[in-house]
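To begin, one chain is listed below as structure tokens, in the form predicted alone.
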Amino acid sequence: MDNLTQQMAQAFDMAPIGMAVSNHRVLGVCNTFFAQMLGYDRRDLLGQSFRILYPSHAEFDRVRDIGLKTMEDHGSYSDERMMQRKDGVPVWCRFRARTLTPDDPLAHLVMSFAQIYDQVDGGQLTKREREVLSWLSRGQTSKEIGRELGLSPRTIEDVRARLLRKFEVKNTSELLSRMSYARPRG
């Protein structure tokens, strides 16, 4: 391996963000940070379907479907999503993907995963708050979120109002911006 190739391999492995490459949603390679973030030894992930990183088959299929058209049209896609650690604990991540095969976007995909921490300035998010934030980050309305979660739009508005108070922001845009810069405490 020449020096540049060795440096690139080391940079990939030691990057301070989770990185992975997949072929048809099967993990081909990932870096150490990605495996650690999800509670796995890297060797245990290679060759596995990404399905093991989602709480259900339905969620695994849903996340595939929401970005597919965008990747076909633009070659890339990003969102915020809940992943699942090996121990079952949910991990909220900022996800970015670029396809190397636009005609078949999932054939060869390069991805990054950055954990979004749910504890900010002393405020701990509930599961419901994380769910609502995730849908808000995708630009969904209260009515659409309520439909997805099986709740009334009024319940979603209550959760949104609680989040605005908790993080002392005036609107959803400020809330999402604030959460984008969330860092772990301690």
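All values reported here derive from a predicted model rather than from experimental measurement. The first residue of the shown sequence is 1; numbering continues from there. For the two forms, the rigid core is made up of the largest set of C-alpha atoms that agree within 1.5 Å on superposition.
We do not show the form predicted together with the DNA, though everything after this point is about it.
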Checklist entry - in the model of the complex, which of the listed residues (Lys143, Arg42, Arg138, Arg62) lies with a heavy atom within 4.5 Å of the DNA? => result Lys143
Item to check | Contact segment among 65-73, 42-50, 29-37, 157-165, judged by heavy atoms lying within 4.5 Å of the DNA in the model of the complex | outcome: 157-165
Checklist entry - in the model of the complex, do Glu129, Leu151 and Asn171 all reach within 4.5 Å of the DNA through at least one heavy atom apiece? => result yes
Checklist entry - Is Arg25 one of the residues whose C-alpha moves 2 Å or more between this form and the one not shown after the core fit? => result no
Checklist entry - Core-aligned, does Asn171 move its Cα 2 Å or more between this form and the one not shown? => result yes
Next on the checklist: Given that the shift is 3 Å or more, do the Cα atoms of Lys166 and Gln84 end up closer or farther apart in the model of the complex than in this form?
Outcome noted: closer
